[in-house]
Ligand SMILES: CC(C)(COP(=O)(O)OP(=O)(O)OC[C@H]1O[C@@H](n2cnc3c(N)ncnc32)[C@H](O)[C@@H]1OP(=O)(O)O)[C@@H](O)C(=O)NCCC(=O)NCCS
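For reference, the chain that follows is the form predicted alone, supplied as structure tokens.
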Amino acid sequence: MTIYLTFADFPPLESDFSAEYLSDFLGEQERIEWDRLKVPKRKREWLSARVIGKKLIHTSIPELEQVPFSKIQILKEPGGAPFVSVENGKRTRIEISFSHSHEHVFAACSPDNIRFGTDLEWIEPRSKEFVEDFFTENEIRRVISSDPDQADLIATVIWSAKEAVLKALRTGLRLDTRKIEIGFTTEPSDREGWLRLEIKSPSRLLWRREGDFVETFCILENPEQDLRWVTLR
């Protein structure tokens, strides 16, 4: 079984989100959610994530390659986790997770029912109050004791990893972030490729740096799945 991942810029969207564009791209239930959004920035983020998510599905799942985008819907569970529906509004076995930041999206999907979560964060300073509110004592010490030029990266990785785990658990921030403790099995660096993080479970938790972003990825079950990167056209 394979999990497909991609990192992409926000796509160019039709000006003013034209009715024709939305009709071709969104399904009926997605249109309901779209119509609830009022802030233009939020609308662009929401739509961009779905454009990239559906393109990833088209690229990685051959039997859906010719299915119109409007027939593939990315909907939300009551708790907010996304799921994929094809034509009938019912949940399929396809799993998807995505995260966006600064007009970029990090997304993953699989044709098989595998629980995973993604997160994308911009590397930036995190305040002392933020770290103390959301990090464990060990994580706080890790940030404080780090070299000053690495502190922002380390704090961002820890926060992003927590977000990825919470998405994989399907809880989001309803679960206290201090219930999850992140440890580094490899030191932060600028080299390419996944670096492992540590959590107290059989899960697989990985991170890598992409320019000024941190990408994190957590698989809760069957953690040694094959990961395959996809470049979207």
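All values derive from a computational prediction rather than experimental measurement. Numbers for residues come from their place in the sequence shown, where the first is 1.
One more form of this protein, predicted together with this ligand, exists but is not displayed; see below.
Novice: Does every residue of 54, 58 and 225 put a non-hydrogen atom within 4.5 angstroms of this ligand in the predicted complex?
Specialist: Negative, none of the three is within 4.5 Å.
Novice: I'd like to check something about residue 142: if you look in the predicted complex, is any of its heavy atoms closer than or equal to 4.5 Å to a heavy atom of this ligand?
Specialist: Heavy-atom contact with this ligand at 4.5 Å: absent for residue 142.
Novice: Within 4.5 Å, heavy atoms only: does residue 115 come near this ligand in the predicted complex?
Specialist: Flag for residue 115 set to no.
Novice: Do residue 81 and this ligand share at least one heavy atom pair within 4.5 Å in the predicted complex?
Specialist: Yes - in the predicted complex, heavy atoms of residue 81 and this ligand come within 4.5 Å of each other.
Novice: Although the partner isn't part of this model, could you tell me whether residue 99 comes within 4.5 Å of this ligand in the predicted complex, counting any heavy atom of the residue?
Specialist: Looking in the predicted complex, residue contacts with this ligand include residue 99, since a heavy atom lies within 4.5 Å.
Novice: With the partner removed from view, which of 60 to 68, 22 to 30, 204 to 212, 39 to 47 is the stretch that lies within 4.5 Å of this ligand in the predicted complex, judged by heavy atom distances?
Specialist: Of the options, only 39 to 47 has residues within 4.5 Å of the partner.
Novice: Would you give me the residues of 144 to 171 that have any heavy atom within 4.5 Å of this ligand in the predicted complex, in order from first to last?
Specialist: Counting only heavy atoms within 4.5 Å of this ligand in the predicted complex, the contacting residues of 144 to 171 are 163, 166, 167, 170, 171.
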